[in-house]
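Below: one protein chain in two forms, given as structure tokens, structure 1 then structure 2.
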Structure 1
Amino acid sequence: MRSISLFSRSVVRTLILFLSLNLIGLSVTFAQSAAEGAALFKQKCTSCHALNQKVVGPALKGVHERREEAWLLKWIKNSQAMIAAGDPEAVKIYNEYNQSAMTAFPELSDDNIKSILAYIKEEGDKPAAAAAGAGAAGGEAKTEEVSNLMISGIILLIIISFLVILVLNRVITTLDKLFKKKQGIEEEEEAKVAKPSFNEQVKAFTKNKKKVFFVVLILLGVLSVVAWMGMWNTGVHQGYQPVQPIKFSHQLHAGTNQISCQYCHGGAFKSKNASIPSLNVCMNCHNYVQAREKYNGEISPEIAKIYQALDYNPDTKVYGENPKPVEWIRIHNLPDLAYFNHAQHVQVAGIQCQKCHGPIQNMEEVYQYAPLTMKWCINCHKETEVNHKGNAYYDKLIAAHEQLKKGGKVTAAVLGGLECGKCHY
């Protein structure tokens, strides 16, 4: 009996040990595979898929619940073969996504794909992180509200203190009057002497020619200064900062994200106009970037304006028939009598955008940095040295000078007089 119980005990013990070891091992392998899956997911999948958002392909959160594992294994390895074989589910999703084929991944083993699925499951089960993110975003909004509240509070305090001063003044004057009443008639006499009527005061003032002359002189001086400054600033839009239809931040795009100016304003490098980017340039990134994490899972309202203008449906990824232009407000506006060419300044002279447009990478909202007056242009043209090296125009000019020095003739044609634009511009 004893031996039997001993034996059974040891069996139970080993069993328990084995099971627990197995469990530990399982969880370890699960964690490992999820980590491996994360690496694979980033390497193979993110160019078309995201977890919570439809990108090129569908959102993958909960995909292990929607489909059988065996189906997924087959699909990921070669989706086109499944479609060709007429698998109804495969054909359905292929048509749903405008018949864009998913890349085949024959190089992935079953274990690889299982680890990717484990990663998707693990990430999908993490609603807490998203909620925390949303909470943080809410906190930010609160601090902004608080600062607004503080400003209005300060303004209220100032108004109240003004009112207090007013009331106190009233109290002082009434007390004063009471005090005077106690003293009797004296005060009334004084008041009669001290307070001539307004008309009398004006008459007395006009009789004093020195005083009149002095006041007129001061008035003239102030007026002429105001008029002078007003005239100089007429038509100078420096500091102009209109509210744009979309709250586009150059500080975020050019500053934080370090996107080159040329990416969006390609015209500045090759044409007269710097050009406002058309919305298809926005869509190169905002096809994917929707800033949902900052808006509790909703598309950012400013990015939604792009979609609205393009009549684009971010859920079906289809462009509609009724796009409407975004009416940006022009800030830098030279009078039509002045010719300015961006390419000449940016490409030929190699001037940085910031030289005229200011610290654009720090501007949340763009304002006009330079005065854009003729004096401002001329001052820069007086100082800037011309880099003539590697510029065929100056090579020709120098050659013409050499010819002149040698006593040769220089015709208008040598100086570019045969170019179309000299006459037909």
Structure 2
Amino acid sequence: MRSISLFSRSVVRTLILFLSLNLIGLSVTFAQSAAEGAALFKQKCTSCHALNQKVVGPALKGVHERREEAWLLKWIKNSQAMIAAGDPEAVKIYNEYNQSAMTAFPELSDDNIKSILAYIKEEGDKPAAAAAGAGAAGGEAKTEEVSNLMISGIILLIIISFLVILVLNRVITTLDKLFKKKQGIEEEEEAKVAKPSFNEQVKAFTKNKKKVFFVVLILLGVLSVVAWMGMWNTGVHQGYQPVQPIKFSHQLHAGTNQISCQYCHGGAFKSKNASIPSLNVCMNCHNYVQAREKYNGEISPEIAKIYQALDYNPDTKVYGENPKPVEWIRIHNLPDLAYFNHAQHVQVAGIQCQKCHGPIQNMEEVYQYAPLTMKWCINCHKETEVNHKGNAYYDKLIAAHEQLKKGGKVTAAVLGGLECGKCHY
């Protein structure tokens, strides 16, 4: 009869372990769905989309209400295939956005896309003010919190599960006693064994070679993972956000005022470097715009820093003879062995700034959005489709090939050999 008691207890322990593991897995699934969706949205979507405003593509808030999930799965994986197949909704969107096809994401699984849609739904259901605040603080919020409703549901499920376990344990104990009583068997008193001291437990553990080996193996595994992750992330500065000498707000200039990126960073369109604008570019506007209405008639402190650096008197509008450079802190740094040409990506490939720099129009203070690792660049090159139609670069390349076919002469200059970036970093 004692074996029945032991069996019933083992059943209860198994149920507890099984339910606990399932609850942990369920809670992790819920949490990871929102977190994974947020991470994928930032990585894949923010270069062309925002939740509450149109960027390159439409605002994504409420997209689950406008389109069926099955349609969205196909569209996100390969919109161009749907357009080619003549899907009416796909063709309509394609024409609405000047026949600019959405980038295909065949590497995303159905679960990845569902996580992105779950994140969009969760963020879209938040009040507009809260969503705007979250967008403004995008540089600080690196992880997404699980909604209160989800947390409450998980806690309620855990409480109900433990109540069920307690009831089952009580029923099994009662049935065991009734069975023993019916059989006329008296319940044996369990011998009370004194609990060993801590020192005795340690000695017993050290004598057990299997346990010691298992613990050492786990420690080596954990330390190896930590060391590997540390080495893997060496030189990766994702999220780097230094304090600049002037608090320039991209959210105000590029977002609210919608100033083109190339107005300040003209080099991105025609040279290797995007270039930091000189203060005379700032003065094109701030010779007149001084934001006095926000500071009780005084000049904005940040605009005053520009005047101070230029030794400029805003009252007399006269420049002095003691200007000083503004010592901006570089945020995006590539190793010396890497060559990156802004013009080749912006002018030739037609890539938007947000592809690498993230939602720059929403950043109060700029931070490094992408990891800028070799793997990240290679994945982008694998996914980005080359648009060669009407592109002067490829037109010249094709013309050079035709010239070679005819036995003509093609110089390095024809293939871009006179560009400064070919020799000068």
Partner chain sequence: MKGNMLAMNKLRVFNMAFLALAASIVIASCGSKSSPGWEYARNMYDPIAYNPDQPNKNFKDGKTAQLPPANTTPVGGFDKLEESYPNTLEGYEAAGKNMSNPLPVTTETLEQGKSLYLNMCSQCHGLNGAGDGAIVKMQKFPPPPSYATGTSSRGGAMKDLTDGKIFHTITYGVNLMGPHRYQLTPNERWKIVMYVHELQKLQ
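Just so we're clear, the structure is a prediction, and the values are computed from it rather than from any experiment. We call the rigid core the largest set of C-alpha positions that still match within 1.5 Å between the two forms. Counting starts at 1 with the first residue of structure 1 and goes up one by one along its sequence.
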Practice item. Can you spot the form predicted alone among structures 1 and 2? Key: 2
Check your understanding: If we fit on the core, is the Cα of residue 113 displaced 2 Å or more between structures 1 and 2?
Key -> yes
Check your understanding: Would you say residue 278 moves its Cα by 2 Å or more between structures 1 and 2, aligning on the core?
Key -> no
Review point. Aligning on the rigid core, do we see the C-alpha of residue 374 shift 2 angstroms or more between structures 1 and 2?
Key: no
Check your understanding: Superposing on the core, what C-alpha displacement does residue 88 show between structures 1 and 2, in angstrom?
Key -> 76.4
